[in-house]
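Next up: the same protein chain in two forms, each one alone, written as structure tokens (structure 1, then structure 2).
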Structure 1
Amino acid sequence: MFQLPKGNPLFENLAVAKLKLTDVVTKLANGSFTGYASFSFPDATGILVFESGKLASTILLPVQGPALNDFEAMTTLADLMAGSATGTLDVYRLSMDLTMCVHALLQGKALYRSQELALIDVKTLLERVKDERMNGCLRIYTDEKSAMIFYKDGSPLGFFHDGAQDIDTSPGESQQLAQDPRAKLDLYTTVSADELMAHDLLDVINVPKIWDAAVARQQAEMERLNRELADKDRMQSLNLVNSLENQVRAIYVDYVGNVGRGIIDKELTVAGGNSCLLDEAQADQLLAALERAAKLLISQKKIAEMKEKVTALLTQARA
């Protein structure tokens, strides 16, 4: 993910988990905001570009996989927001021209893409930009660095490179990067800012519905996860209590003999199942019943030993 100029930051590092997409979009739209809002998540970054409160473009750039635009991007962004506990929101105000260039970079028409700089005549290309009075962004990059030149009507608006906070008026970094033999070039163009303002994605995309649907999906997912977690807990608890029952049974049968199996089964049934082993009072009652039956079969001394072992086991399990 390349960096964008930060212009005038309105908000930075707002926790997305506390925000609603509808509120963010409405606030930016009603405030005639110009610039972009960047939603950062561990797996993706979503960018909403506004020109005078009109949503010019929506893009979602996943860490892996192709970028998503417009409706798909908004839907996925809503899903990410509704489900994220760690995402952050940064909102940067830019000039209208620069916003147009950002839009070009994100969703403009690609005249060149991943073009090796060494293979083209840069001078001719820049003359073409000027002659055709292009609006857009020329991006020069290597695997490690990137720099951008923003154009309006074929004239450079400014220069921007990784690590910078805002656009620069001198092409220093861009020129340096252009001399790198591994450098590549992208050239994106777009319509003018005025034309861009003629379209508003908010007329096409029903953000509240998308958001409500995302929240509902998230709630359903949370419920499913909670159910799965509860099932898992129940299974773990069941396994624990079954294992405990088997251990208690083994101790009792060891002292009382095989007839002890039947006695345990009967007393557990009376106690309402093996879950009573985890409840101190119920377990005491069960132990008293087992002792009562054992009095007919074994000595008091052995009963005391057996009780001691079972009590230690249950105490350990409850702990």
Structure 2
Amino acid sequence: MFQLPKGNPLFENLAVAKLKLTDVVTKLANGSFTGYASFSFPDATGILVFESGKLASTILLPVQGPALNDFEAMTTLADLMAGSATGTLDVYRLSMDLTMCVHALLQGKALYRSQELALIDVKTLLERVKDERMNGCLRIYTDEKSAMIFYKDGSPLGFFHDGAQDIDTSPGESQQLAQDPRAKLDLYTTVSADELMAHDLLDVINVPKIWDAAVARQQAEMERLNRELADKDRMQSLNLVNSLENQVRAIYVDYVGNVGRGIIDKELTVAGGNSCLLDEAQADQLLAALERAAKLLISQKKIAEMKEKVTALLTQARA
């Protein structure tokens, strides 16, 4: 995304994971804030533009896909905040006129977009901006650089280029970029600052309700993931204990013969099922019962060999 003028930083690099969207919006609205709040995530950037505490615009710019505005943008921003551990928040105070221009850049009417500068009569275009007393932003850019000229009532407020912290009064960077044969141009216009202030998105967007719904969705998703993880753990445990039973059964039958199958079944039932194989104390009791039954069928030496193999198998499984 193109860079925006930072102006006077109110907050920078705040961890979104520690914030609530309702608190951020309420603080800026009650403080009659003018400027913008930028929420940065790995896959998207959300921007809230305020004029004297009124929410003038909300936009969410995904790394891929179309931009979202107003209610959709706020809803998606809430979901990102509720589920993110890596997002950051920057808040910059700007003048009312410059905030109006930023609004134009983000959500204004596009008179020109991705127009090759070489095909534009720039002088005539600037005369039109002046004659029609336009409010907005003229953006000149290549794949590597960009510069912006902000206008109020057809007169330039100042110049901004990538890497700058604030507005410049010199058009040097813009003029140099305009000479690049690869340069393109965007021109966005908007209403005056007074008209912009006549509308407040907070009158129609219920931020607390959106935030509560996002938190509920996040909690439901976490519960679903926890259930899936628990089910996966149970299945892995079940598969492990069934495998252990089969291996113990094979060792026992190998030493005492087919009669061992019935002995195993009986002793597992007494022990409460094959889950006892994962508990050291219960497994020792089972092994002792199997040993007692085997004394009538095989020698003590064979019993010792069998016991050693079973013990090693269970010890490895519990490691």
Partner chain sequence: MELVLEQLQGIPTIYVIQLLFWLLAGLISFIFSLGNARIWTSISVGFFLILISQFYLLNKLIQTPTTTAFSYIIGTVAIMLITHGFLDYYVFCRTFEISGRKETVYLTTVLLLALSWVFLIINPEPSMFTVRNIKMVENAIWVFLTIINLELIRKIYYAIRDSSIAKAFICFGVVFLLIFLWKGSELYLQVFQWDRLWGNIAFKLDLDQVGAHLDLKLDDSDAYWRRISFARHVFDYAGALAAIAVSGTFAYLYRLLK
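The structure displayed is predicted, hence computed values, not measured ones. Each form is matched to the other, and the largest set of C-alpha atoms that superpose within 1.5 Å is called the rigid core. Numbers follow structure 1, counted from its first residue as 1.
Between the two isolated copies of the chain, the form predicted in complex with the partner chain corresponds to structure 1. Relative to the superposed rigid core, N258 undergoes a CA displacement of at least 2 Å between the two structures.
With the core held fixed, T269 shows a CA shift of 2 Å or greater between the two structures.
Core-superposed comparison between the two structures: the C-alpha position of V248 differs by no less than 2 Å.
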